[in-house]
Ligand SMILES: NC(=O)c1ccc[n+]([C@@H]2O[C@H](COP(=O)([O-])OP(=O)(O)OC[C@H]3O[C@@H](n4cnc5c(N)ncnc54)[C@H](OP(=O)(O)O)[C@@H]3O)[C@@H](O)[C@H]2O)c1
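Below sits a lone chain in structure tokens, taken as the form predicted on its own.
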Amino acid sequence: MPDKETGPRGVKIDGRGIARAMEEEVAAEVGRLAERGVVPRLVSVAVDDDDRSFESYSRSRERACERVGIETDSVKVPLMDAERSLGRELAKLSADPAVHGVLLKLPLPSGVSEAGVFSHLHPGKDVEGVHPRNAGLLALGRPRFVPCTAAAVMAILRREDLPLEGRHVVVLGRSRVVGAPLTTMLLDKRTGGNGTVTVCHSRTRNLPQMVAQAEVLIAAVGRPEYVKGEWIRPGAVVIDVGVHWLADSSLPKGGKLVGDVHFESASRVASRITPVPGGVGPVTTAILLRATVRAAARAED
């Protein structure tokens, strides 16, 4: 890892390149399953809303599935009576032997019981790793499926040869789909961790000073461009998990995707940094594809 004072600055981590290499591996696994007559199938389920960042992710996921030979489909349910509709769809997909992976968009709308919804999802098809049973297996050190974004962060650090052993890692964010499972993996030497981990969030006192201690900063706070460059320790590695759509009528597309980190200022200080888009997102998709193929293989076995 670069020296905190003299190493290079602002080197972009090529998430798309990492994802391409992983997709080649997944495509080979799909080919081996095809020889057994198995075609992996992934279905995403979401409550119908206007989420531009999720729509962008959905399109990239569909293109990735096509590249590696995974069949994919999307189901949207209306906001009205969402809990019952989600339960019905998840139960149907869980019972369908042709469906190997189910991706449920989180967080769920206010008033929808997450526990009630998950009771209809078979944990063996929960390729996103958010079912309580899969979360428990991760906590016990016996992971089956783990949250894809958390796994993507670990894959980036591993493939970029950025060791964590003994390093001070600051995780900014405590959600159970990113921050919490990622902390477990960062601490566990079996998953390539063994780091010294501090978990912060938007209510942490003296947050800039806490962030400034990080040799590796993982930003997953869910606020656009929240982390400023002046917060970051010179030479730190910055992994930006956030994806947000910022409307801007002056841009050709009417807006742009940004992360939790203010990229322009952070890239002048960090040694390595993931851009948005093109950083964690593509690798998250590749992890999801890999999990779907593994679910298909297990179902066949």
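Keep in mind the model is a prediction, meaning the values are calculated, not measured. In case it trips you up, residue 1 is the first one in the sequence shown, and so on.
Although it is not shown, the form predicted together with this ligand is what the next lines describe.
ask   = Every residue in 44, 89 and 120 with a non-hydrogen atom within 4.5 Å of this ligand in the model of the complex?
value = Verified in the model of the complex; spot residues all out of contact, no.
query = Going by heavy atoms within 4.5 Å, which of 74-82, 110-118, 139-147, 166-174 lines up against this ligand in the model of the complex?
reply = Within 4.5 Å of the partner lies stretch 166-174.
ask   = Does residue 244 reach this ligand in the model of the complex if we count a contact as any heavy atom within 4.5 Å?
value = Yes - in the model of the complex, heavy atoms of residue 244 and this ligand come within 4.5 Å of each other.
key: Exercise: residue 207 in contact with this ligand in the model of the complex, heavy atom 4.5 Å   = Taking the distances in the model of the complex, the answer for residue 207 is yes, it comes within 4.5 Å of this ligand.
ask   = Is residue 196 one of the residues lying within 4.5 Å of this ligand in the model of the complex, judged by heavy atom distances?
value = Residue 196: no, not in contact with this ligand in the model of the complex.
task = Verify the contact flag for residue 15: yes if a non-hydrogen atom of it lies within 4.5 Å of a non-hydrogen atom of this ligand in the model of the complex, no if not.
result = Contact with this ligand, no.
query = this ligand isn't shown here, but in the model of the complex which of 214, 93, 151, 220 has a heavy atom within 4.5 Å of it?
reply = The residue in contact is 220.
request  = Would you mind picking the one in 201, 228, 133, 159 that has a heavy atom within 4.5 Å of this ligand in the model of the complex?
outcome  = The option sitting close enough to the partner is 201.
query = What residues of 91-119, in sequence order, lie within 4.5 Å of this ligand in the model of the complex by heavy atom?
reply = Contacts from 91-119: none.
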